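Next up: a single chain in structure tokens, the form predicted alone.
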Amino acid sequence: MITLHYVAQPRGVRDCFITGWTWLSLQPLPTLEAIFYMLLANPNLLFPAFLLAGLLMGWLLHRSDFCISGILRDVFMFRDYTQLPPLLLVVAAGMLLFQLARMAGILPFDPPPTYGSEVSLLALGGGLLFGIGMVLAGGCVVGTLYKLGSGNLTSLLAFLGMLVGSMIYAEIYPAVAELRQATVLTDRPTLVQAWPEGGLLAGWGLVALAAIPLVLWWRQGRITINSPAAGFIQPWRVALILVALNLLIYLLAGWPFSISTAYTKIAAFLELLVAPGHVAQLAYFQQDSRVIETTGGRLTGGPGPRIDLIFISEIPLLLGIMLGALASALALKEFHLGPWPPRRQGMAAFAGGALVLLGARLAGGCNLKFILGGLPLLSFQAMLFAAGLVAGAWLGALLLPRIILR
């Protein structure tokens, strides 16, 4: 658990201290000072802010069909690299913006409190399970939501599987917690923290390296995708908007997007309805994974069935993505429920959903958190997760045809 003591002052220096970690003194530009930390200083704004962000994301993702699981599945199953450029762009552009924000001294917390203070090898295993699961499920924690919002019943099965995966993790949490402590690699979660002299320079080197294929693809016309679909939005445009939106949320709330704990909270609320005594005995549901002290009081959040900091940020993001996709589908007259998938495909989607959430909980986050935010922040946990994710997507692409066509 990370306890973050946050002191907001009307003007001047804002001091943030993360227990057992590092001291940050930030001096935002006077013209921007009014917006920095706005959501922490006014937590009642968290719900509507994340709901609006989710609505925009759902609309954009539905119009572009920008889905990480679909991109990697197509690469490994069909050797189709059409949407690979936007995926690389979302990481490279995020890294560029976060590097500039670091240099300007405007990142609220670097790294943010949601990324933990230790790096565990479990992130690699979690990424592996997540990659396998997202291919079997036909979507990740975000892709499943926007597809479900447009009426895809296969995604409904994947969503239900994710809830079950959350419940399973709550049962095995004590053993996993011990394993996590036994597999800690470092207590410096980012490259910049581990290598202050060269970490920032290495980040610029990675930006330059990623720019090479992107410039080449741009000149070859491979960034733009030709599609006759009504209302289609180019995925590269969506990638840039998502990066900018992620940075804005980071500046306002103190952390980039994350969403996988929302599934766990929903599962906990459902389990509470049928087995309240059992829920009360599960250590995982009783913990606070985020504690923030502000001048207005303490803000806490955890995976358990209660209204807290995570509930008012991740739940509205989840709902917003579904509703945004629903609004887009209705506007295009594309919304329709069904059909139900064939039995084997449905079982694969459900099992894949369970693996996705088990992997996210093992790794401490999902692809939204680690690909969109963690890699640009040069997070070691994100690097391990991404390596496991790619390997898992490759394995999932091998398994899926054998399961469905068996």
Partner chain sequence: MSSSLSPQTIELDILGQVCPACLLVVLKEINQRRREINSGQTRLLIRTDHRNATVTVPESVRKMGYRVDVAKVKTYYQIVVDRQL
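Just so it is clear, the model here is predicted, and its values are computed rather than measured. Residue numbers count along the first chain shown, from 1.
Quick note: we don't show the form predicted in complex with the partner chain, though the next part is all about it.
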Partner-facing stretch of 185-193, 99-107, 296-304, 145-153, counted where any non-hydrogen atom is within 4.5 angstroms of the partner chain in the predicted complex: 145-153
Candidate from 161, 138, 111, 126 lying within 4.5 Å of the partner chain in the predicted complex - any heavy atom: 138
Contact residue in the predicted complex, from 269, 204, 335, 218 (heavy atom within 4.5 Å of the partner chain): 335
4.5 Å heavy atom contact, residue 234 to the partner chain in the predicted complex: no
Heavy atom of residue 228 within 4.5 Å of the partner chain in the predicted complex: yes
Any non-hydrogen atom of residue 287 within 4.5 angstroms of the partner chain in the predicted complex: no
is_contact(residue 117, the partner chain) in the predicted complex, heavy atom dist at most 4.5 Å: no
Sequence-ordered residues of 46-81 touching the partner chain in the predicted complex, heavy atom within 4.5 Å: 62, 63, 65, 73, 74, 77, 78, 80
